[in-house]
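A single chain, nothing else alongside it, follows as structure tokens in the form predicted on its own.
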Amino acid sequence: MRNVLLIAAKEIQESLRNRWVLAMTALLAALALSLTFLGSAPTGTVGARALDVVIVSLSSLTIFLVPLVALLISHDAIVGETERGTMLLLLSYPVTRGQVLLGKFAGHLAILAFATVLGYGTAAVTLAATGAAIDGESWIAFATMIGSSILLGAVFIAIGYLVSVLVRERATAAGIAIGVWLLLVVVFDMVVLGALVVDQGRTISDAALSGLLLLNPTDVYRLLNLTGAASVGTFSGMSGLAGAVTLGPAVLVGALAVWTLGPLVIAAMIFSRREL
């Protein structure tokens, strides 16, 4: 465990030198504050609670931004160090390849978690400082959104590591990472939506739809945040989907955990047998 923590600290220090942490935190905070003040303006008219509007806006932002950031910081974690020759130096110390992978994962996840909590938390604190009425249910939904955003980031960090151990060049890893982002964030939902429109409810049952959505971590995240709380689900326009898809919060969190552990374990197995 000590070796894992040391490698995680090394990743955090390198990110601080490269200003990754500052850049991510500033970006998330700026976008969150913009969505907070622009999105909460009509709440008095539509009768929605201000923080619920912010949760809907930030959840939609997270689906596009957090996976991209996670892939950008993780896609060259292994192949990049291998190309530079620093991986051989790192493995010359008394550490195993599994510890290296786990330490890097912990470091990158800590960076993403810090940026997410501080960036999104700034928006919530600012909203509360304006005197907006926020009840306990909204705070719980907001905390769930932050926690699941970190878990979604963990999923794509793990996927980035899997890409990184499968290729031999950083450029290839970058191209595959962008392709994965497009597939899971954009293309998958378009295909599912097209299939539902064509099917018109004839063959795709609610159970089949639930299974399809579990195949994409961004859809799991969307269901967890936009249908989990009644007030948020009503405002997000996904209350109908919540009635059709019978997946509880525990199942959705478990699905995100599986999406994290699966690629990470496979990456560890491949990395342990890879020639450097």
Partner chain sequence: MTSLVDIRHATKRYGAIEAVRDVSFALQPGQTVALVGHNGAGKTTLIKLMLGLVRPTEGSIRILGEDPAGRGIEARRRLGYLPESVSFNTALTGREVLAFYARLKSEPVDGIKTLLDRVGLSSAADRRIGTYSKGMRQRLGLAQALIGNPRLLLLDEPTTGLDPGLRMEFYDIVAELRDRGATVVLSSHVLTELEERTERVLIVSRGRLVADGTIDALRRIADLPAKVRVSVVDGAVETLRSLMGGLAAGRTFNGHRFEFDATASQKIELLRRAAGAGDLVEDIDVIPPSLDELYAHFLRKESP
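Please read these numbers as outputs of a predicted model, since none were measured by experiment. Numbering follows the first chain given and starts at 1.
The discussion below concerns the form predicted in complex with its partner chain, not included here.
**Q** Which listed residue (V191, L182, I140, L91) meets the criterion of a heavy atom within 4.5 Å of its partner chain in the model of the complex?
**A** Only one option qualifies, and that one is L91.
**Q** Using a 4.5 Å heavy atom cut-off, which of 169-177, 191-199, 140-148, 96-104 contacts its partner chain in the model of the complex?
**A** Careful reading of the contacts points to 96-104.
**Q** So, S205 and its partner chain: in the model of the complex, are they within 4.5 Å at any heavy atom pair?
**A** No, S205 sits far enough from its partner chain in the model of the complex that none of its heavy atoms falls within 4.5 Å.
**Q** Does its partner chain get within 4.5 angstroms of any non-hydrogen atom of G136 in the model of the complex?
**A** So G136 does not count as contacting its partner chain.
**Q** If we define contact as a non-hydrogen atom of the residue within 4.5 angstroms of the partner, is T86 a contact of its partner chain in the model of the complex?
**A** Yes, T86 is a contact residue.
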